[in-house]
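In the structure tokens that follow, the same protein chain appears in two forms, which are kept apart as structure 1 and structure 2.
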Structure 1
């Protein structure tokens, strides 16, 4: 309607202009040409005709323009309608996307007010949309720490005039309507062309909780909840750094483990052992300050970091207090269990630069405390460090010795007390050290056991002993078959392929299984009884004989012997050496052992026999076998070969006569 009115006004204005123009032309011609009335009339007619023609032409053009304008207006209206529909569809599409993004999303005005929020945001915040939109700033929902960072301008995207339109991500705490804090990941992006930002908010509370659990598991012991080795070493590293910065800062480290914890596990089960570890850790923790750290390194090993101590003796006081507390038994599943511990203490921590060196020395001090008799503590000093270095050197030399074949076997004859003839041998290892000469096993076997080197060493001993026995048993013509006794550690004994190795060596040398006797100490047998007893039974079934070495020095009860599938008891030389003393106490002990062995159908070997009187006493006790300097000291293989040849020669020349071992050795 409005366009039609405009068209009428335009037409009327055009006619007025034409009329005025025609009148003007007529007036000019009338003034110029006034001589003839007829000419005037002619000119008038011509002007009127020209005016009419021009008017018609102008009107036609105007009508065409009006038609074109009308058509353009119609086309424009159609395009506006189409564009309006497109915009409505686009708005509906983006509103649908905005509403269904899967994350809480808001549109933020330049003044920080939330102008639009989706349902996810309502669910996350606890507010209805009409409570939020155009009413609340988005900063209401973030914690103070994030708000302070916001003020620096580093969290939000760049200003509109900047060419950097990348979104910005940051994590923060979200505070909902109920003042509950949640971990969120917030993504900010500018909306091009307007002074608004869009922000999406992802609730990552579960992810952060899982991350915290993973971190806790990575740096804490799963059983006790205490810091583990990795976290403790971080704390210890920081303590060393503080000690370097501050002259008045001192700290100490205590390394401890439960004495004979393996026996508790073996006798009462691992479930009880785990409960004991938890109770043990709680009791230790209760006696420490909040600034101190207690960590579990694994098994029954714990480490304490005493921080910022004024007096170095404080560590000693704590150690004494802890040991006093550990004298009280633990109530585990209705059972009273004593769990004393040995402690190693490092006091002079200022001299250390590396945390692992402190742990190494505290551990060394703890083992020294165990050597003193357990349930004690030892302060690390230079002597212990030198001892540790010596042990390390022994380990290094042992590895070289294995590679260079520096070991050899000495053999001590085992004789029948009735005939004083050789019926077996004990293989004794010696180390031909390139610098120290001949080294006896007491100086290196414990290191070999601790480092696991006893396995290859023991394998070599077994192989060589079987080879030598096979050669000698064919030379000595004895009514009884010769046997070989080989000492074996608990680590060797518990190897799953031990029987296969034994069978392989016996088969290679054509030896029956009963020619081999394995000697294991009473202590090693009892400490791993639940594992060793089944293995002993398997060895017995195979035919190998079992000897309990150093019997009487351990802690097993004699009544327990009847449950063990063993063949021989070897009485320790500490008893044999004193069976002829004035009091006769040791004589009674040995006599009891021999009598008990006979009742159980076991043989008895007396080791360390050095005098004729000891020989006589043992013979009267009906002790069957013996070894010692009275008969022969351990001989290197060459000398044993020579002895065997003498015996062989004597037996051939005197088939009905017994040889004298002493005589053979004295020739």
Structure 2
């Protein structure tokens, strides 16, 4: 600029001088014409001289300016060189940083084209730098269309417009030269002063894979790969919401439980059990539509969500089809195994707001299906709902009953059939309900078992029964010491400190262990055989006696009996009550049980003896022990106290005679 100005000034001066010179010449010519010739010539010479002097002076000045200009130019060039070197150094510095960021990095132009890419980007994308730089738009690498749109349409322009220079992060799918998709985290930052963005890209595929695995594990069952309860509940929640939004949307839930799966597991082993569960899941899954979901809730329990069904009948048709398919055995490692299942169905799902309530009711319906027998299904209805409410009420009442000590033990004598004298007692619980009066165990024990309340209740029964046995044993003289039979549910058996509890109660009352008999029902024993048998063995080793209650109603095979650590079989009252019917089938069964028990060295107690005829049939079979209304109903403690006092009195007055319980009670 400076140089330009100086040359303009010089040019202007030269023009002025030329102008002056020209006017001089013109003037001279004027005068030549008008004045005398000599004077004119003189003046002309002087003017020419003056003009040339002026021109010379001006030329000198111009030369001086030129020299100054040259000097300025040189220093300017130096400066430019210096700056260029500086710039080159700085660019080299930034390029080195750009190249060595350790992450794939690109510079994106305003028109979305990648102007610069580092070698990590080449590694990530599979393209050479020169294939990418100034050729490819960065969006080419984004797999997902929506992401691509979002980022080109919103992110970059918005980023540019905002004065906020903070980097922005985005997770999306990257697609490389070989069409391999990768999960990436892109961090965009505006480069201040120019319309460019720098984006660094981290490959987070491994992280995402780990995340996916963790998610999968959290929401799926490891054995079958099916959704678990948590995921199913999410699906169910969505279905409830959809049902509320759309009038024409119906869904149904089926709760499935394999019948006697425990038996399969216990007898054939867990490995076979696991294989069966997988095969079972696959067979059910194959019969469902893609939109339905099947989940495993644990153990042998599965739940189906039938989505968007046209009408409620569809669920019933599916249930029938599934049950039909389960009639075909599974081939597990070469053996044929049948796995029929009981189903509980909830059809009227529109009335529910909470998924857990649907599951609760489907489960309740499934239990009812099981009660009806195997391979059945039951649809949850109003009566079941009322039953469910009743159960809930019993549970609440039971909690109060424990706190208020509302339980009482009744005792039923167990007698020797030939003498009709008491050889022991069975403790039977009763509940003095403040509103309902005396409540029998059949109406609440199952609730106590399901809710775990059987533990405190059972503890109380054991304590009370031991105290009462201690009181009565000194009062009745019998050949053998009296015993106390206490009913124990499988839940109690599975408690590890049951032995300590028993020991404590026996010690407190000075009773040896063999005076206590623990009764476990055959069904409970077989259901959990795998777990209960070792525990029974421990109790037996400790010295208490084990009784199988309600024998004949469970599924234990006779050959299995031999291996069980037991002392007594109690023949279920259903056999005794029909022992004298016309066909004599029950008579044969009882006879077989009695003789088998004797062969195995076990005691047999006949339960529910009500008539003299039953008594005599049993005596003929050499069944030695019995209990039943014929001899005595279960008696409350006070009445049992009175009966025992009577026996004591009789024995004192008639030391040589034997008492008969029948006589005692008829007095």
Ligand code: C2E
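Between two forms, the rigid core is defined as the largest C-alpha subset superposing within 1.5 Å. Residue numbers count along the first chain shown, from 1. Everything numeric in this text was worked out from a predicted model, so none of it was measured.
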Item to check | Answer for which single form is the form predicted in complex with this ligand | outcome: 2
Checklist entry - Superposing on the rigid core, is the CA of residue 203 displaced by 2 Å or more between the two structures? => result no
Next on the checklist: Tell me whether residue 596 is among the residues that move between the two structures (Cα shift of 2 angstroms or more, core superposed).
Outcome noted: yes
Next on the checklist: Aligned on the rigid core, do the two forms place the Cα of residue 259 2 Å or more apart, comparing between the two structures?
Outcome noted: no
Item to check | Core-aligned Cα shift of residue 65 between the two structures, given in Å | outcome: 16.0
